[in-house]
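Below you will find one chain, with nothing else, as structure tokens; this is the form predicted alone, and questions on how it binds or moves follow later.
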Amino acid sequence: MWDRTTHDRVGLGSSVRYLRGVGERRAEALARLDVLTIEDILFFFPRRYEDRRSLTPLDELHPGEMVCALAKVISLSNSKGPAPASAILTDGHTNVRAVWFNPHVDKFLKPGIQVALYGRVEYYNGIQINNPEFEVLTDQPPQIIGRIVPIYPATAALPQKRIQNLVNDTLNTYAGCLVDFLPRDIRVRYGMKDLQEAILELHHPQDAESWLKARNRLAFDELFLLQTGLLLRRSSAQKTAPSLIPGKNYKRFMAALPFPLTGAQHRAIDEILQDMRGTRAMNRLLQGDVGSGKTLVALATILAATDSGMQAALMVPTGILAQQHYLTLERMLAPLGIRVGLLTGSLRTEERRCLLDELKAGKLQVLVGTHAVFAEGVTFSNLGLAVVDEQHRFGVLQKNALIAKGTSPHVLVMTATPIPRTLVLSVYGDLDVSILDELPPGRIPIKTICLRPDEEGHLLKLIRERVRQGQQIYWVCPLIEDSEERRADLSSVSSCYERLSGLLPDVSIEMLHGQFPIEEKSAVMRRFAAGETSMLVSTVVIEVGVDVPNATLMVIEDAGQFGLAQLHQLRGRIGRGKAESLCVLLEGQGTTPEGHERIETMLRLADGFSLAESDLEQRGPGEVCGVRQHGVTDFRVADLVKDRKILDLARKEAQALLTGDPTLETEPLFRAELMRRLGKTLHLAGTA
């Protein structure tokens, strides 16, 4: 309960329950809006604004417009039952009707009084204003018009007016408690508003220019804090590491390659080897489009480790991908006398014990595996390199658990999901970045088309023709079973497999999804890779790591259900051989406008980096590449799509600040705010 005597002891971090008029039920409603503390209310900004500064004469009202007006009530028609209440209004020249769906307006409106109104103009047997907000005029200026009005996210339990009053009361009482933590020289250099002024402006803007200046100040705060935190984490992670230098096996391997490396591969390998030659642990992100040759770069990196007498680990998110990488590495490294092991959760007890004994004794130079590689009991003799593939599927703590298996090993994280530059800076800003932006020469571009459900006959004919030519097909569905999703218009693997088996009796078809035991998954993929199966009906379990050059047709059912990154990854499973490949996007019966937009984008763009930028614009940073696990992109103000220039400026200023003051001793307020907001998220030193 509110107690005036406790006001001085209440801080910005205190619960909203300390605010006047906020009881348990209202606090619960605020919590559903992610508002838990008094500070949260100060930073609970409007989702939009209504400009109510201009008055419209009643003879200039037009249907569809939102208008502000001053008028006198001539007469009032009281509501009886469900009928709306109405009033005839005049401004001295024109009369109009106002209609309310609230039967109690007669308690506030009487003939002869002056009112201010704001509402939508409609035409129904004449011009009328529908359900307008109104305020009886007194000798005080009206509150509902004559200014820019903030409109906040609201709920049934917290209507707009109540939220507006709560925010205003909190601003009046607590805005003065805000401490401006941003270094003064940065504020002066760029003419930024102070923190309290900026927050007040976002709630009650004077005009568009002043609002933008305040908004950009707060966006800079968020991005500057993040960039400084990432750079601090990077400097603290730079520990002494073994120097890894490529030797004879590396040279033999590179000399025996039957094809030339792309310029991007040469550049990435040079950057990685330069890092590993030093005595500081490498921490590098390798990103490249589907089919750009990341595995070869990883192989070169692994050879530099084994040539230096160190072990290497390759961690991947799925058993299928682990086995794919294991087979590739074993085929290429065994002729060089390098032993490779595979560790997954499904390994039998005796096999696991033998493998771990050899790993601990140093007899196994390379270990490929899933999350099992950082499990308790997995001990390396001398881990010098940790490679994490499809890194966005692992959390920070999981990567750290693998790194802890060695003494400051070099770290290479890889992704086949191209990441927009703004996300690289904001989420992976503590990593150096190498980019593979070229495809190997001779790759035939994949053609992409879209078909409607009623065009399936054409598709089945195409499948039969491809099978006659000895080629193979993927058919991907969004669900495993019909019952796992309420929507009846989505296709499942099980029903699709049964339907296609009946429609294509002469085609050998198998089914695959993530609930298969690992041995069964491996057997299905082995038969498909060997050409024993012509068509594989699957979920997105084949999204990454599956490499079957003879597969030339990819069918994605209900394509609008998938994100752009997934669609691009699935399309990348074909086009790996010498034959022309085709990706067919099948529209579903319930495809949403957003789904249609993604399909259109896939038809228009083939480059993964362009698709990544489009994906960022369509979905936002919190959903792209799984970055929400980092907990650093849920900004209150900043927008990584719109604020790229502010992001660049924030990074530049963060670098300059830390160059002159690596421990932020001269900026204690900024350091305290950094630790409070991001210390635990970024695992910064000095946080509890």
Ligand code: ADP
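Numbering starts at 1 and follows the sequence shown. For clarity, every value in this text was computed on a predicted model and none was experimentally measured.
Form predicted together with the ligand: not shown, discussed below.
In summary, the region of this chain contacting the ligand in the model of the complex, judged by heavy atoms within 4.5 Å and restricted to 211 to 219, 262 to 270, 188 to 196, 130 to 138, corresponds to 262 to 270.
The contact with the ligand in the model of the complex, taken as any heavy atom within 4.5 Å, belongs to L296 out of V99, I338, C450, L296. Exactly one listed residue, out of D169, D91, E617, D547, brings a non-hydrogen atom to within 4.5 Å of the ligand in the model of the complex: D547. The ligand in the model of the complex is approached by P440, whose closest heavy atom lies within 4.5 angstroms of it. In the model of the complex, G291 approaches the ligand with a heavy atom inside 4.5 Å. In the model of the complex, R576 approaches the ligand with a heavy atom inside 4.5 Å.
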